[in-house]
Structure formats: C-alpha cells, structure tokens
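So this first bit is one chain, no partners, the form predicted alone, shown in structure tokens.
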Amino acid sequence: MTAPNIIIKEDSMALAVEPREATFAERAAQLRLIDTDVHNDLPGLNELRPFLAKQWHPWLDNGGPGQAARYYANMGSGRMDDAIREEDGLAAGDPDWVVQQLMTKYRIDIGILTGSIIGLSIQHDYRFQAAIASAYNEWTLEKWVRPFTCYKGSIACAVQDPEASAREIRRLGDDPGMVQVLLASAARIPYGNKFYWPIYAAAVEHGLPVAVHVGSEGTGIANAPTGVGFPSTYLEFHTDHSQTMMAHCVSLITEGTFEEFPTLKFAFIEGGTCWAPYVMGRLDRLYPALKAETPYLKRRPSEYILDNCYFSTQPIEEPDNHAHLLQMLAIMKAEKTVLFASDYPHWDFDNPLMAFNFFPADLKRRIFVENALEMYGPRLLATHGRA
C-alpha cells in the first residue's frame, strides 16, 4: 500500500508525485475488520507429505495413525452448509474460495487462520505430533499465507512436548506470516504451570501472543471437558467450553505466569466472553485472604487479566436485554480486551455485518480492528515472506 509523496522540482517548479510506503497508522486507519478465528481446512494428512520428514512417511502410507477424537458432535455437519465448495466438499479448503465466501462477502480485511488440527496436542505420540505441527505450519505458509495478503497464520504446537514447541516457535518466530502461537484448550495440565513456560519464553522472545482455542476436550491425553467429568450431549459439551478457559486463565494468574513474562499477551478464543468478569471478581475477592500462597504476585489478579489477556467474541453471550451484555463488557474493559471472531465456517458463525449492531461505534471499532492491532502488533500488516 503506497501513498503519494509530492516533490517540487527546482528547475521547473513542476509537481512530481513519487510513491512512498504508507505508514502503519495509515494502513491501520483503512482497515474495516480483523477476524481472529478462521478455520481453514486441511483436507487430509497426505497434504503434509511434502513438508514432513521422510521418517514419518510410512504413517501416511498406511493411512496414518489412529487419532483420538471426541464423540460429541452437532446434529448437522458442524459447518455452514450453504458455503460448501462442490469440488472438494469443504467449506474452507481452498483459499480463493474463502476469499470469496468470507473475506469479500463480509468485508474482512485480515483473517487469522486457526486451522483444523488443533487436537494434535492431545494425541499420544508427541514425537509424531511435533513433526506434524512443523509440517502443518509450512503447509499453512505455502498454501494460504504467502500467496495472499489477507491471511495470517498461527504456529501450531504439540504442547505435550514444550521443548519441541519452543524450537518450532523459534524456527518460525520471525516470519511475518505467523502472528501467534496456538494451543488447544484440551490439556492435562493447566496452562499456568511451569511445564509450559518454555513455550511462553519462546513466544515472548519473538514478540508473539499466545492463543488458546477451544478444542478436543476429553479426548486423547486430555482431562475430562468439565470439572465433574464427561457430559452426555453436545449441548452440554458446547455450553461447558468456558470451564476449561476459566481454569487456564486462573492458572495463568495464580501461577505467576505474567510476573515471569510481563509482556506475554494471551488470548482465549471461542470459549465465551462474559466469564471474565466473574473470574476477575472472584480472584480479587479471595486474593487478600489467600495471597500468602502467592507471594510472587505483585498486583491484584484482575489487573493481570486486563493488561495481558484478550477474549474473542464468538460465541458471545446474548441476553435479551442488550444493556446487560454491555455492562459485562464494561467490567472487563472490552475496549481493550475483546477481539472479533467469526468462527468461519462453523455452524455458529457470527455475521459481522449484523452482529453487535447495538454496540457504540467507538467500542465496535476497538473490537473489530484496534484491539487486534494492539495484540498482534506491526507484523499483522507486515509483508509476507521469510524474515
């Protein structure tokens, strides 16, 4: 993107216009919407063969290893059926198709790719999953990110091996096509635990935020998806997504993760939004009585949440009285902590042309553009390619 640079020539006093690169602020001002949750589809593991070390090819030759998967599912396909491409039967398998069906149709300038293999972090063979993560990251860059200006990638990690994850982050951490590290909410250890700190150290080293996205709870090596065990229905399972998000958030605060990494930015994607005021209030209420357990904390718990954490809009709570939602958003300072997410192409996709039409214009602008720019930083608008 360029802007004119007017130069006056001394000999003729004629005006000549030379292009100059637009500043970050100028480009940011032109943005209409940043979508922080676009689920591009991987058609199958064979797509990763060109990027996967040959020692793992026999797995692909034999149909791949068995993958732990959840039982719970939607009554339908789980996708926006009217957006499925006939050629491949996928709603988000072709980047040009997604440009047409999502980016152009809904006036989205930048889409953050969250993919479809987030469950690799709860599979049993951590070595193979680390190799898959690396291959998947290369596939994402080659097929989606580098040929297009509207997509940015997330570094997938096999978090059951933090050291391997840290190496992968350092391998790609300076590539402007990657804007965050992506973890699944499914886990067997809460994310504030020091077990994961090598991941955060690598992310901070490269100025990358970390995002935890709902995915694969109760399968593989992960714990049950709720605090009391396994639900019976998808309705219960889907409603309870916020439980894992709350647990990880409380863990990050009380384990002192943000004291150890004060510049770490952490986003909670597709796990609900309005649980944040509850967690803030409960932690602040208990902290004075129990702070002897956490002498390393230097501030009230809610301050870490407001300064280091972000929350995506999808699926946002929708009370009948719009004022109630706005009150909750005010408590969590949504003007600095909330990001827009469509969750394309899933069945509960949020149409940005219709959603949040009762929000004040300044708050909507913050959620649609400014907060994402602040979380991801200048690389969100950087030219793609190997740094």
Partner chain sequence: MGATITREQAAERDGSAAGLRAIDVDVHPQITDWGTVAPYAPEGLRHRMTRRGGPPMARHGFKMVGPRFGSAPAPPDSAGKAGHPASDPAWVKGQYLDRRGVDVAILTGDLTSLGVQPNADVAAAIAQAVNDWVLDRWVRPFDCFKGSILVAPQDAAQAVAEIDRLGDDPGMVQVLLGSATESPLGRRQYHPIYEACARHDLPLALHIGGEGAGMAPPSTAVGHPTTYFEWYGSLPQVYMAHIMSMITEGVFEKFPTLKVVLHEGGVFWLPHIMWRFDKNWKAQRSETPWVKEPPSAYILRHFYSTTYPLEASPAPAHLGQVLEMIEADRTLLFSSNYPNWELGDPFAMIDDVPEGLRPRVLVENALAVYGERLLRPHS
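Positions refer to the first chain, counted from 1. Note that the coordinates shown come from a computational prediction; the quantities given were computed from them, not determined experimentally.
Note that the form predicted in complex with its partner chain isn't included here; everything after this is about it.
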Task: Within 4.5 Å of its partner chain in the model of the complex, all of 185, 286 and 290 (non-hydrogen atom) - done: yes
Open item on the list: Can you tell me whether residue 65 touches its partner chain? I mean in the model of the complex, with a 4.5 angstroms heavy atom cut-off.
Closed with: no
Open item on the list: Within 4.5 Å, heavy atoms only: does residue 189 come near its partner chain in the model of the complex?
Closed with: yes
Task: Partner proximity in the model of the complex: residue 261 to its partner chain, non-hydrogen atom cutoff 4.5 Å - done: no
Open item on the list: Under a 4.5 Å heavy atom criterion, is residue 198 part of the interface with its partner chain in the model of the complex?
Closed with: no
Open item on the list: Which residue, 325, 52, 42, 334, is the contact with its partner chain in the model of the complex, using a 4.5 Å heavy atom cutoff?
Closed with: 325
Open item on the list: Exactly one residue in 94, 161, 255, 175 has a non-hydrogen atom within 4.5 Å of its partner chain in the model of the complex; which is it?
Closed with: 255
Task: Proximity to its partner chain in the model of the complex (heavy atom, within 4.5 Å), stretch among 358 to 366, 344 to 352, 53 to 61, 32 to 40 - done: 344 to 352
Task: Any residue of 227 to 265 that, in the model of the complex, places a heavy atom within 4.5 Å of its partner chain - done: 227, 228, 229, 230, 231, 232, 233, 234, 235, 236, 238, 239, 240, 241, 242, 243, 244, 246, 247, 248, 250, 251, 254, 255
